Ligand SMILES: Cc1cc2nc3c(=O)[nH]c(=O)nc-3n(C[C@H](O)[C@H](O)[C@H](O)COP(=O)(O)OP(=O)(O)OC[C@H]3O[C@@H](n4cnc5c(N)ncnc54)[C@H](O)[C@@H]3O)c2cc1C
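Next up: just one chain, as structure tokens, the form predicted alone.
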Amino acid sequence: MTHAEDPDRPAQQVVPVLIVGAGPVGLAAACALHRRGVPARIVEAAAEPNRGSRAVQLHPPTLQIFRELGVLDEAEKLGLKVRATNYHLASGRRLRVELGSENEPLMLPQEQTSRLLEEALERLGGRVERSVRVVDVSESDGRVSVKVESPEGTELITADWLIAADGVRSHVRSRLGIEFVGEQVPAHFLLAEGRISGDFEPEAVHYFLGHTGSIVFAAMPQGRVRISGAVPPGYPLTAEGVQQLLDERGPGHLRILELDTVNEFSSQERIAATLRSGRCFLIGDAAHTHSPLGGQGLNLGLQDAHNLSWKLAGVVNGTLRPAILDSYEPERLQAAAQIVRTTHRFLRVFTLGPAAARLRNSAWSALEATGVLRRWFVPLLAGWRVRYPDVLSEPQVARRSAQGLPAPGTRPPRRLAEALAAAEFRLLTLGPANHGVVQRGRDLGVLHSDLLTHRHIQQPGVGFVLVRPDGYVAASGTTPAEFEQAQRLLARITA
């Protein structure tokens, strides 16, 4: 007799949040919810954690999440910081782009990322339930029912909310009937990891943009490198094949010493038709997938978890109104669409034919000479240029960007972000000490003392910035009317 059929079994306790999938994205969501006092249950179909490097590049906005979850220090000990990106053109010219500390990613194998997050979850009192496979999902009476199978039998889990983080082939997405819209990427890639000899800059990602094809290799922790390039179907997945790729497209003096792994992969460009179905949410690869060039995928998924967790925790804990959850889908759909467009363009640039490659390399040189690569492209790949539609402001209010202040849906510049201590909502006021906006900021801080911290910076210009728990701007402005709008925004979303 199964758990669900046992008449003597005690009534099932309702779980506040059930997370399906214990990859890095599901684990990050579980950690964030536990940190906010929500005991999320997390189940995983696989019997053991995934092994292998898989997604390795963690961008600075993701590292901010790691800091919040208490795993950044250990991640930085295990990982390798990338200080520069080198674009090697067929002419022999090298375009070296210093990333700067605000844009430097951390190279860390995904198995290490998962381990750190799972250990953090256990410290917070949670645990992953493995070998638990979702069979069916349904919603009724304001709750979600999830039928699962495990070595102990069949169980029906009842949850107030469900988060699907179960990957590209998401069974939850399928059971919910959500279409995964998009298509297969035509390019076919080789991916190898191991050790090489030769003169190359460590702590850098190298793009060799040749006339006959491109290749990328990046240093990884413990003296290893990752090598990848588009190859025709049937290309030999051997050390000799990888060496040939390096000889034909690389600098010509690199030698394979040993390979830990070599395989091939293709990718898709797809985004779920909806990221929410009633009380069910999609995050990570269950919500979107795209070309891995630029290392955006895991970062995009972790930002999904970051966006959703503070909203859902606030609703579960009774500090935020349920309507705040309506903002998850439009915000993360826009972010996913932006990243898919970016990686699609990057893929096209990376796989051009000989004639177009010559034009690309000339254009790339011009972008470097004018500083566009450093000022625009680097922050784009780092994840700082992802922005949200302003769905929290009053619909009838025509928004304008106050000069020098970040607009709603963007991230505050570093000089302002550093002035705002980590908290839930953070209010920064700017101007003379006796200005009315400052007093209003103090009053607002007292009114929402459990949710909001206030700091003032004395300066000639007047203004304010209200920042959400996920680091995005909720409101900004310079006038009393705009400040009143921010007050009403807080009143609308807080319980």
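Don't overthink the numbering: it's just position in the shown sequence, from 1. Predicted model, so just to flag it, every value in this text is computed and none were measured.
From this point on, the text means the form predicted together with the named molecule, which you will not see here.
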{"item": "Exercise: Ala46 in contact with the named molecule in the model of the complex, heavy atom 4.5 Å", "value": "yes"}
{"item": "The named molecule contact at Thr113 in the model of the complex, heavy atom, 4.5 Å", "value": "no"}
{"item": "In the model of the complex, Ala272 touching the named molecule (heavy atom, 4.5 Å)", "value": "no"}
{"item": "Heavy atom of Gly383 within 4.5 Å of the named molecule in the model of the complex", "value": "no"}
{"item": "Stretch in contact in the model of the complex with the named molecule, which is absent here, among 424-432, 36-44, 453-461, 63-71 (heavy atoms within 4.5 Å)", "value": "36-44"}
{"item": "The named molecule: the contacting residue among Pro105, Gly284, Pro408, Gly229 in the model of the complex [heavy atom, 4.5 Å]", "value": "Gly284"}
{"item": "Members of 17-51 lying within 4.5 angstroms of the named molecule, judged by heavy atom, in the model of the complex", "value": "Val20, Gly21, Ala22, Gly23, Pro24, Val25, Gly26, Val43, Glu44, Ala45, Ala46"}
